[in-house]
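One chain comes next, on its own, written as structure tokens: the form predicted alone.
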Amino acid sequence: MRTVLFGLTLTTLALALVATATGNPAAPAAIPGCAKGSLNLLNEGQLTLATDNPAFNPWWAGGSKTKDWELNDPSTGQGYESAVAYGIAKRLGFTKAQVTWKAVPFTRSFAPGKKPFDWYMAQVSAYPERRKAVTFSTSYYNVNQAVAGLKSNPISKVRSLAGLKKYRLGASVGTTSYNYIVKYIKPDQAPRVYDSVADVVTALKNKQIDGLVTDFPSMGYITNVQVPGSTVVGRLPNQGGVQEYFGLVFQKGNPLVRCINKAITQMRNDGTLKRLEVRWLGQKGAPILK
């Protein structure tokens, strides 16, 4: 009798291990109510994620330039956004091999229309206008915009929003950075708009603009690596009592966001997001321009 029971126990254990290894929907959900088989995905049992190309530090790191990715490969799990993505995937029961990446231009991520991804992440602010076309997750990072300029340019000495008005500023098209310039800084000279952050960086390097506006964490890589002789002028204060934040982008109305929000909340509550922020985004502060 013992032999029979022992054999049954081994058989049960073996079946459980197979179910876990294959991602069988019958396996216990990593998050209650979010079994893999119940998720609204493009491809069953697979997470199809997307980001912009190039994928810039410190949000993405590691890997090398390939035919698919100009700078960093998002599948490395390195860099803040990549680490957050794989942290969410793990909590939903997905292995790294069950996550694939696509390159999608930033402005297409929140444009109306069918999405070729389960979610998109590339420092996309959950702006009210964008919510008309897509669904956003809860915040995975609260952000301030910031200004960078060459140390040789007088803009580097500015310590107030009003002090920025006389300078020519630049930002990427369709970004909250550009909106901040025209709505709150209101410079005397029309700001220059570029197709990508890479183009704005080039403009600053070539002295076509006095100041570059983008999110503060990106400034470390821009000023330390991309534009020699540049500095962070300062962070820009949030306006209207509203905290700007980055959210994952989903097809409008996709119920998948419910389970993703649960995973993000877990990561915030257990300190995971903070640890990843310190590891990948930690940098010296910059004054807030008031």
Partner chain sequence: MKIFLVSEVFILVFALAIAVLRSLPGPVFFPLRALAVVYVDLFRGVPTILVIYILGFGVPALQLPGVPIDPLFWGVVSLVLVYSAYVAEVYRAGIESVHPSQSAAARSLGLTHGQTLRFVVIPQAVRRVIPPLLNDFIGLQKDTALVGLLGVVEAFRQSQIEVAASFNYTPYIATAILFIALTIPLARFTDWLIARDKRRLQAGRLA
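Values in this document were obtained by computation on a predicted structure and should not be read as measured data. Positions refer to the first chain, counted from 1.
This next part talks about the form predicted in complex with its partner chain, which is not shown.
The candidate spot formed by Tyr127, Tyr178 and Tyr194 lies fully in contact with its partner chain in the predicted bound form, as each residue has a heavy atom within 4.5 Å of it. Only one of 213-221, 79-87, 110-118, 97-105 lies within 4.5 Å of its partner chain in the predicted bound form by heavy atoms, and it is 110-118. For the candidate set Gln208, Asn142, Ser160, Ser152, a heavy atom within 4.5 Å of its partner chain in the predicted bound form is found for exactly one residue, namely Gln208. Contact annotation: Val134 falls within 4.5 Å of its partner chain in the predicted bound form, judged by heavy atom distances.
Heavy atoms of Thr202 reach within 4.5 Å of its partner chain in the predicted bound form, making it an interface residue. Val173 belongs to the set of residues with a heavy atom inside 4.5 Å of its partner chain in the predicted bound form. For the partner-free chain shown, nothing in 73-94 comes within 4.5 angstroms of its partner chain in the predicted bound form, judged by any non-hydrogen atom.
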